[in-house]
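What follows is a single chain, given as structure tokens, in the form predicted on its own.
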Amino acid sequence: MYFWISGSSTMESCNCIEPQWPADELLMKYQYISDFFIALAYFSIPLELIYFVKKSAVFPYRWVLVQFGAFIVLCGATHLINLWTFNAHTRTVAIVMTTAKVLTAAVSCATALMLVHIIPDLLSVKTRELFLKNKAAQLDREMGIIRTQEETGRHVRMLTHEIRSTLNRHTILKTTLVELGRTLGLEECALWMPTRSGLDLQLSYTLRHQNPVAFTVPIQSPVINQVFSTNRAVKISPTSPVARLRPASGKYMLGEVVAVRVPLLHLNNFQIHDWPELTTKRYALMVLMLPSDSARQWHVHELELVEVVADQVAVALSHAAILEESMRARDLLMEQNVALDLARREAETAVRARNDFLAVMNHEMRTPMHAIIALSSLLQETDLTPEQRLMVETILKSSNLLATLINDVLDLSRLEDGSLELDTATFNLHALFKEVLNLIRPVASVKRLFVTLSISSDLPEFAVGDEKRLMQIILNIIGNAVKFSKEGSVSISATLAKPDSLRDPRAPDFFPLLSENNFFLRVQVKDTGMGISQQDIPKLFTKFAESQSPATRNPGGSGLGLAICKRFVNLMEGNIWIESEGLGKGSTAIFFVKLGFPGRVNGSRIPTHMRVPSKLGQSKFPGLKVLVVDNNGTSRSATKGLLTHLGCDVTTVSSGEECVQVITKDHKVVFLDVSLPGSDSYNVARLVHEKLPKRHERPLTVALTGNTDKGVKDNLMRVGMDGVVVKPVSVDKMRVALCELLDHNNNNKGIHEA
């Protein structure tokens, strides 16, 4: 085109073969205008390209655009220069025109060659565009999946919140069906639960029916086995037995049905009220049905939602099962606690009733026993024939045995209910053994038994403990040795137990704890008596148990002595056992008790005055004015007889009011029975103190009681009594009581029964 235009500008000098076209002014005018607009367009296109390059930050071929822009500019320049060639023009215009065309040709060729190289790149750009489009489409699909998963997760969270908003099993299951039906747009949803036998599934809950008919299907059905074999939701036939819940309709095809298993809690030790006791893995079956009037199908995300909900329902059901069992266990525990509390109160009532009964019986039995022993001991002091003396001694022996039995029953009762406490004080340990020996020797001499006592040199002379209970233990054990020995000897040894000798294989549960304030006393009593059979040894410390061997049976025993000794020893943190090689080979009794060192135990000290044995004290108390207050005439007469026999000037009254009226400063001792009716003895003692406020004018007040409880004695001493004497009382016992009372009058020391 360019060459044609150039040629047209020099038509007049052209030597073409073809004849020249005649000049047409109109045609020339149109060409002139066209070249102008072509040049204008060519010059505007580079400006647009420059704007595009400046605004585009990602275009990869800027240098191509530069070449293309140069080509367009040069083309525009040739068209612009061509405007001056329509008329006569100078050689300069022709040179400029030629130069422009040469440059245009060079740039055109360079651009054409460059396009050959960049066309593959441009094609690859197209391929990348398609790749990016595919990637964008894939990302759109993934975003759709993510949105679907988020939607599924939201529905799962909503369902989980609704399911777990309660721990009631029935509410959980019904809520699950309702929420699944609403979320997934289900026509029907049902839950089949295992029966108690575990052989069938029973229709328990449905979406559309409040009380579904209790259909059952065998749990071994193929469709159920198929569902139970996987934890995924499984599509099943709409006509399967577990899916026949919709009315038959020939108008529409039944919608798709899926089923999923719901794991039930593995129960070992408890059972939900109407569920089977599960010993193997069991499942419920959840069936979900799409509407029949649509071509809708199950999507993957919907199946995943169903599977997740089934797991959440299983968790909620397990929590509900645990809660139900916990509540049932709590209710059972509360019932047991109520029953135990009732039993405890009944037991406490029974113990109180027993203790009250024993206390009353103790006093009521000791009162006549007091009269029997007191009068018998008085009778023994008179001149009697040998036959009469034997009868009186028999009466005294039987009475003392009955008194011992009463004491044993009371002690055992208090030991068993834990109300008995040790009366801890400082006492002479060596003197205690010597006193026991003096009491036992007369009985042993009658049977011609040789009794020996060995006290180790390292055994402390004084100790802190319950002197009375320790003497009771020793007397009982030695008494048994003398009782069951017809000849031979009885040896007694008392030593300070060494730490290595405290442990014994026969007592594996005995763990003694030594300290610098305490020591263990070891007492061994060995006899040459009848011995004990091996089968009887374990029964010796059982209450009311006696030897089964006729040779060793004690017809006069109660079976309480060793049982009480065992409990006293345990109370003193010790241990006791008996050894014997068999019948006819004697026996050995060994026991340990824990005692304290005087001065090291709180409140303990070596006493300055010890108890005076009866044979060393005065035997008569001539002129000693004594007032006896007792409402029981027989007991009052017996006490008066004992005091009169000891030389006392005795006045007797039967009530507390009479006591307050007749008492004067001339009376030195008042024996006050603590069971006075009308006014108790505590009040009488207070009134006596008010009537005779001066200490030197006030007589010594001694309580006569049948109660052996330590708390009663402490209360009596606390209200101002100077001593306590426990019934029954013999002549010797009254003599010792008066001796101790008068000897300790200066320091107001009370009397305690030996």
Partner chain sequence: MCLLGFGAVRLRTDMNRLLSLLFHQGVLDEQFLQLQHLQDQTSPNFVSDVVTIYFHESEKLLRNLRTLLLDKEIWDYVKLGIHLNQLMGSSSSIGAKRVRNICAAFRAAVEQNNRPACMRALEVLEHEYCYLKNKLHELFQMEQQRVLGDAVRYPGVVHQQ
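From a predicted model like this one, the values you see are computed outputs, not experimental measurements. Numbering follows the first chain given and starts at 1.
There is another form of the same protein, the form predicted in complex with the partner chain; it is not shown, and what comes next is about it.
Considering non-hydrogen atoms and a 4.5 Å limit, does the partner chain approach Pro598 in the model of the complex?
No, Pro598 is distant from the partner.
Would Gly633 count as a contact of the partner chain in the model of the complex, using a 4.5 angstroms cut-off between non-hydrogen atoms?
Yes - in the model of the complex, heavy atoms of Gly633 and the partner chain come within 4.5 Å of each other.
For Ala638, is any heavy atom within 4.5 Å of the partner chain in the model of the complex, or not?
Heavy-atom contact with the partner chain at 4.5 Å: present for Ala638.
Just checking whether Val736 would be counted as a contact of the partner chain in the model of the complex - the rule being heavy atoms within 4.5 angstroms.
Although the partner chain is absent here, Val736 would stay clear of it in the model of the complex, with no heavy atoms inside 4.5 Å.
For the interface check, one of 516-524, 179-187, 585-593, 368-376 should have non-hydrogen atoms within 4.5 Å of the partner chain in the model of the complex; which one?
Going through the listed ranges, the match is 368-376.
Of Leu642, Val629, Met286, Val313, which one comes within 4.5 Å of the partner chain in the model of the complex, counting heavy atoms only?
Checking each option against the partner chain in the model of the complex, the one that comes within 4.5 Å is Leu642.
Exactly one of Ser237, Thr382, Thr385, Ser398 has a non-hydrogen atom within 4.5 Å of the partner chain in the model of the complex; which residue is it?
After the contact test, the surviving option is Thr382.
Quick one: name the residues from 718-739 with any non-hydrogen atom within 4.5 angstroms of the partner chain in the model of the complex.
Pro728, Val729, Ser730, Val731, in sequence order.
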